[in-house]
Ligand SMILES: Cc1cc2nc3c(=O)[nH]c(=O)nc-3n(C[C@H](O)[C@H](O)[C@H](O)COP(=O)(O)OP(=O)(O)OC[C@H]3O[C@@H](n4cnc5c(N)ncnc54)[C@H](O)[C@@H]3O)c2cc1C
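Take a look at this one chain, the form predicted alone, written out in structure tokens.
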């Protein structure tokens, strides 16, 4: 049996970062992953450029049954700390929008940085190593794996959630938590596109590829970014963001003129070009194909602007400012960027990430019931939670 001070299960963002930090303290560290290739989610994130953090990351950008849990880790290892590390490695990056930082070249830059950090700290990484059994021992834990038996004083579970099973996602971390008596909050797909009911899908199928500026609102939460029509339903940043707050059966409201007053614009158009069709006036603000589809769908006539009397233009405006859509569901874990829910934070120390009732057992990253918004926040949680655990394991 091979003895290590620390074994980290999962060679993703949180696991690799934790391993490097523990190794820097002189701990003997082994990272185990069942996949053939490591860092799959890192490599594909941000369209292959890795949205590695957000300049505005704060506790308010995270969902959890215990919203206070993430505060300690996020304050002790901040986005600026990680940006400093990226700068140390000379990795070129840029802000895309809303504080989102992306690599100029490739997500490989971030993965290679993490592997170099592990290498410098003496932390080993073992791939294609499936764990078949974990037992608590007097001095820590004993693991039975496809590559033999291992023992450690500290065991860190960094196995992620259920999103993107093609990249190796599994419920392993939740099973470990349950094995040792920790509760797991119900899980579901987050940051995920919506699917539509058949009648809506039939109407919008031809709009696939069209995007609109919008404010998506649900459950007292709003996001002002674009939405994208797909052949399956609705996607785009505003949809992905609001999906984490949406519950099945609820409607989502979309303001399709989020930065102005469409009624004022239409009244102005009516005064200037009374003979122009409504569709022509709207085409100033929306793609023509969308206007042609939206008017009949919203129950609106297309006629010369001069024929709209009284509150009729206000009704047109309201239809675009307050479009209510009830999604059929989501595309699920297959395309979800994160998993909502996870290991109950009330049973973990926010200072160390250790299970309060199981000495030496730690949970970090996405497997925990802490989920960030779209835009680099989930990577920041990986760095922060991994760093915190790395200081004590």
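In this text the structure is predicted, and so the values were computed from the model without any measurement. Numbering follows the first chain given and starts at 1.
Only in words, not in the display: the form predicted in complex with the named molecule, which the text now covers.
With the named molecule omitted here, the record of contacts in the predicted complex names 39 to 47 of 346 to 354, 320 to 328, 39 to 47, 65 to 73, defined by a heavy atom within 4.5 Å.
With respect to the named molecule in the predicted complex, the three residues 61, 193 and 243 uniformly fall beyond 4.5 angstroms at the level of their nearest heavy atom. For the options 170, 280, 307, 222, the one in contact with the named molecule in the predicted complex, meaning a heavy atom within 4.5 Å, is 170.
Residue 252 falls outside the set of residues with a heavy atom inside 4.5 Å of the named molecule in the predicted complex. In the predicted complex, at least one heavy atom of residue 35 sits within 4.5 Å of a heavy atom of the named molecule. Under a 4.5 angstroms non-hydrogen atom cutoff, the named molecule in the predicted complex lacks residue 340 among its neighbouring residues. Interface residue remark: residue 14 is counted as part of the site for the named molecule in the predicted complex, having a heavy atom within 4.5 Å. Residues of 142 to 161 placing a heavy atom within 4.5 Å of the named molecule in the predicted complex, in sequence order: 158, 159, 160.
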